[in-house]
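Just the one chain here, laid out as structure tokens, in the form predicted on its own.
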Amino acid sequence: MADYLLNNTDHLIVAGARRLSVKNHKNIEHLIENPRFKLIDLDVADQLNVYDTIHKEQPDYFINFAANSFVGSSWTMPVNHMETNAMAVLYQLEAINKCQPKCRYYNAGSSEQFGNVNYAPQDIGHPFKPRSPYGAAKCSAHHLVKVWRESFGLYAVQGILFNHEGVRRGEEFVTRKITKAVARITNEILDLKDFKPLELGNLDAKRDWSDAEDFIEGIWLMLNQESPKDYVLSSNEMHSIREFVEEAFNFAGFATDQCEWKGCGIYEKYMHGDNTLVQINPKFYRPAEVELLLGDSTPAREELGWKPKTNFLELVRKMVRNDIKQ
């Protein structure tokens, strides 16, 4: 988002990140010296810090991407997820209402809000039925945004973005975990080294995947309509984790016609000759799985003039190519 705004607007970008003893700024290293980019300490779970920051900076826009966004950890850290994904939104909305009510506010929603879905594809009218503490926190935030918008007239929206991936994706997320492992295995085989297989959980969970870079434009369009409105952003296509694995290895040279799935359940493996590329580890199964998520972004396409530019295969290849290069 910072890259997009620096390239397409004249705004000064004030980026807030929680202060850590070990900095994790790899994704923004190239921006640090830009005179229109300012990095500040900001902990969204600290109400006073949020208030002071908004009071001081007087932003025209406040775009909240801050969250504990790893669904798997939300069962072991449910309070943290509620504090950073829901209470933080309340702090931001209250501070904006008191200090800068003309500020336009965006909060990052999630397709995990739909959870145990009633129908597919899921549109903005689909009921929220979360299946994780993460999803429940995002639902809470969604309702808070709606209440503050309707109660105080704020320009506040929550975009429901289906899975968005890319070369900057955190390595704990399944797509990046796959492409990093494909790169590792490819290089270890080229170096004639033994390698450990990629370990995954539910291979048949289906998701609607897009390139995160495509979604950035959609978010900015949401923030610049005449009236605030929530939208779904999605590719309108659905693919399984199994498909992602096959395409990632295929692009790296492990042709799908030379590989096969053997076994079933927790004993299933993806084989290339005598080499096991992928095996199942039950610890990666979720306590309550969301089996399929498929978005309907028709309103965003028709009303905002937005559509994704990168398809599923291009996304997989882009990520694999980047990780092999690295």
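From 1 onward, residues are counted along the sequence shown. Predicted model only: the values in this text are computed from it and were never measured.
Not on display, but discussed next: the form predicted together with a small molecule.
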request  = Would you point out which of 53-61, 283-291, 22-30, 260-268 contains residues with a non-hydrogen atom within 4.5 Å of the small molecule in the predicted complex?
outcome  = 283-291
query = Just one of L223, L200, A86, A95 has a heavy atom within 4.5 Å of the small molecule in the predicted complex. Which one?
reply = L200
message = Using a 4.5 Å heavy atom cut-off, which residue among A181, V71, M82, A108 comes into contact with the small molecule in the predicted complex?
response = V71
query = So in the predicted complex, does any heavy atom of E172 sit within 4.5 Å of the small molecule?
reply = yes
ask   = Is the gap between K146 and the small molecule in the predicted complex 4.5 Å or less for some heavy atom pair?
value = no
query = Are any of the heavy atoms in K229 no more than 4.5 Å from a heavy atom of the small molecule in the predicted complex?
reply = no
message = Please determine whether R168 contacts the small molecule in the predicted complex, using a 4.5 Å cut-off between heavy atoms.
response = no
